[in-house]
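Okay, here we've got a single chain as structure tokens, the form predicted on its own, with questions on binding and movement later.
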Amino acid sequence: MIGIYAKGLNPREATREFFAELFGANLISSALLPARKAGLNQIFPALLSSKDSLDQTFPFAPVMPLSTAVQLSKITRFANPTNTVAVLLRPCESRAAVELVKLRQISLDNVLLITRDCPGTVEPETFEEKASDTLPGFSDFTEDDLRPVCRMCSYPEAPVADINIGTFGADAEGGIILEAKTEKGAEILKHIKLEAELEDTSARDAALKSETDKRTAYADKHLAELQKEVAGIDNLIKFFAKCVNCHNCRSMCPVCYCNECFFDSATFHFEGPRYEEWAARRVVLQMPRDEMLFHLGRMNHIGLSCVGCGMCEQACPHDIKVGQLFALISTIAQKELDIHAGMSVTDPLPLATFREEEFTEMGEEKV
């Protein structure tokens, strides 16, 4: 089922109206939506229990200070919600949620997964610079303002959702395109007043293809340049030279889920004489230690589940292009295994799956 909803309203107003209908028809009991933080020009996820607070939400805010998938994990990880919770996710957040479902960090029981088309996001600082009493929208920024990871993301539409809110290819008169992606979503849309079913989706299909092609071209060029920049151990060391080993990138990564990280464990606690010994052996012992091991360990740990959201890079205090590097590494690794993170909750985890023919082209012989 796919149709036009709230023609004449802009996407933000139309989406608010859609959630108001969901609340009004008792189809949901709460909703996790981007909302303005009280008194501040910042947008963060907020759990609403009533449609009366929807005027504080900004469903299409072009900024993502953190991944809503992590907040969904907090709500569902230890116990399923008693009643239906609707959550609005960007495509990268939806894909991260899918990976967390596979890692048993999210349960989708009593969760209505609603996604929306995403033209990209800017850095929080860039967003706040243009914010006032009226918060800026996507049209207030140029293509160059967008985060590089957004410009190379090939998913303007989420691959997994119960209902998707579409804007690409929508009518110039306004409104949004509501599309049911599952039986659960179709059942919900039976109770929603669609203006008309969308018989011809060619305009939307063309708009999505055009956006995807543009991003793919940018990614191919940008990642090829980055691959040259980090080629060889010396260049990789130079790339991470400004790292202070703060672990902010790990803390903000939606698919880094361990309660205790190996790199914060007692394994890396040493007594003073050990440092003196290492310093005497090397003459100069650079501090902090093991930052390269940390990044390589993270790449090995989450590379196959990385969705390229760029939260790691956005959190870096020294602007290291770690998110772009992870996008490069994960693209190569996922292509090698013929997988794409976040595409299906039923896909098996690669490291827990045996494939008889795997890596035979690299010289491995079948037993």
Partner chain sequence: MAKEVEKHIVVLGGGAAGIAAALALNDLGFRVSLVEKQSHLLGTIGQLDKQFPNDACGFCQLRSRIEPGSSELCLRHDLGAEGLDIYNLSTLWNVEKAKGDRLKLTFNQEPAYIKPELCVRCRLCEDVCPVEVPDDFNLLGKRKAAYIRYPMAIPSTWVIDGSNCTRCGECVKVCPTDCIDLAMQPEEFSIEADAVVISTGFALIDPSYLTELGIRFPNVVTSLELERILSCFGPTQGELKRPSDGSTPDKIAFIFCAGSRDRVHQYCSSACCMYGAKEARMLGDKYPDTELTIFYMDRRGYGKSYYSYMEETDVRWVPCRPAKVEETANGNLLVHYESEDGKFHKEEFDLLTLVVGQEGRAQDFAELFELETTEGFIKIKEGTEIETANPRVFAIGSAGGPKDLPDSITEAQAAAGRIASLLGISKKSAVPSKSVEPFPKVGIVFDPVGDGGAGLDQDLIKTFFASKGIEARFINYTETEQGLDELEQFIKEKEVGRLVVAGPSPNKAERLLKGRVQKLGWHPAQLELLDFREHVIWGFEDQSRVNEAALSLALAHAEKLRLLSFEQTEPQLLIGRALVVGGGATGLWAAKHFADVGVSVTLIEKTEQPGGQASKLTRTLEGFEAKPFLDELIKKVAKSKKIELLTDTTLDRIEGELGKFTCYLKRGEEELIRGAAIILFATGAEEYEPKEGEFGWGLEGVISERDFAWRIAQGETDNLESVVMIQCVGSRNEEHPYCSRVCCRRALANAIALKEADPKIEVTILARDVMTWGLSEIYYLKARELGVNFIRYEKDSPPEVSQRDGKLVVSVYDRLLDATVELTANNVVLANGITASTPPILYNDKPIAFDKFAFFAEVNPKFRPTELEADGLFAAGLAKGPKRLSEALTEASAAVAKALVFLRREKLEPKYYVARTNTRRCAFCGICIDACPNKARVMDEELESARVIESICQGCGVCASACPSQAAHLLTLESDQAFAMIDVLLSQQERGVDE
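Keep in mind the model is a prediction, meaning the values are calculated, not measured. Numbering follows the first chain given and starts at 1.
Here the subject shifts to the form predicted together with the partner chain, a form of this protein not shown in this document.
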Joint contact, 144, 186 and 190 to the partner chain in the model of the complex, by non-hydrogen atom at 4.5 Å: no
In the model of the complex, the residue from 246, 258, 217, 203 that sits within 4.5 Å of the partner chain by heavy atoms: 258
Interface stretch in the model of the complex with the partner chain - options 192 to 200, 163 to 171, 147 to 155, 101 to 109, non-hydrogen atom within 4.5 Å: 101 to 109
Any non-hydrogen atom of residue 225 within 4.5 angstroms of the partner chain in the model of the complex: no
Non-hydrogen atom contact residue 77 with the partner chain in the model of the complex at 4.5 angstroms: yes
Close approach of residue 321 to the partner chain in the model of the complex, 4.5 Å, heavy atom: no
Residue 82, heavy atom within 4.5 angstroms of the partner chain in the model of the complex: no
